[in-house]
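Taking the form predicted alone, here's one chain by itself in structure tokens.
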């Protein structure tokens, strides 16, 4: 069994295509669609595979689309524990407008999971042996309680497994309250954890320190898009700035970042090295089209081009 398992309650089939121009009320000719398995934890496991590692994906799938989704996951060589659901697996659509290079992302609502279905996730993580990291990522579909990540965090803590949460809203708050090892919010999500509707980049450090000080987690990695990421622990603050690249798609960039971080941690690398590698992975995902995620050769090139800077936490709090 893999050292890393990923959790996805609301996976989806991502359909990517492009059109010359988006025009309302017109029949538009699309390029041949590319179909890939998606959803937070699924993308993390896929990216880890692309980087030469292995992660076991635990996810729910149902109906005809669920069967096809399972095939897509198997085709990529990602080990899986499949929780069968009564409802169909959802599909999302990503359309690139070629004339402007702008991307339009249509996310369909998650399909409901029954109590007996989401409970199987808890049973699965209790039973899997030799796990060092659990990555819970993505949104929660209808039927799943907001505190599910907190319940998983409690199981992880009991088994001395490091729990990493990358989600939003109440699910993120519950995960933090239980005491995750690492949280990866963006600025908006970080703000919600400290009761603010908006955070400036300079406010990230004190906000993260507040969360860590309450014992809600040990590590906060704040994703900041093209501006890279900030690593904050109780005793260190670092910024990681990637080089400027031509961005083709932002789909899966955050998931690729998480994949790089957890993979390097599982290989015994330091937090600093792991976050720098994660930023390289997230940046690498943006230079590929659709939902292709990151490529190892791109990551290796970008890693050495990232600027890592130690930040004086006193100055940051001033």
Ligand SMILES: Nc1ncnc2c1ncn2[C@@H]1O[C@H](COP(=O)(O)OP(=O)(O)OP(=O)(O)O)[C@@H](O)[C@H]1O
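Worth saying up front: this structure is predicted, and the values here are computed from it rather than measured. Numbering follows the first chain given and starts at 1.
As for the form predicted in complex with the named molecule, it is not shown, yet the points below apply to it.
- Proximity to the named molecule in the predicted bound form holds for none of 37, 46 and 96, with the criterion being a heavy atom within 4.5 Å.
- Proximity of residue 253 to the named molecule in the predicted bound form falls within the 4.5 Å heavy atom cutoff.
- Contact check for residue 282: a non-hydrogen atom falls within 4.5 Å of the named molecule in the predicted bound form.
- Interface membership of residue 85, defined by any non-hydrogen atom within 4.5 Å of the named molecule in the predicted bound form, is ruled out.
- Taking the partner from the other structure, the named molecule in the predicted bound form has no heavy atom within 4.5 Å of any heavy atom of residue 288.
- With the partner removed from view, the residue among 177, 209, 162, 247 that has a non-hydrogen atom within 4.5 Å of the named molecule in the predicted bound form turns out to be 247.
- A single residue from the set 194, 146, 122, 226 has any heavy atom within 4.5 angstroms of the named molecule in the predicted bound form; that residue is 226.
- Residues within 4.5 angstroms of the named molecule in the predicted bound form, judged by any non-hydrogen atom, belong to 218-226 and to none of the other stretches in 218-226, 194-202, 88-96, 113-121.
- Contacts between 171-189 and the named molecule, taken as any heavy atom within 4.5 Å in the predicted bound form, involve 184, 186.
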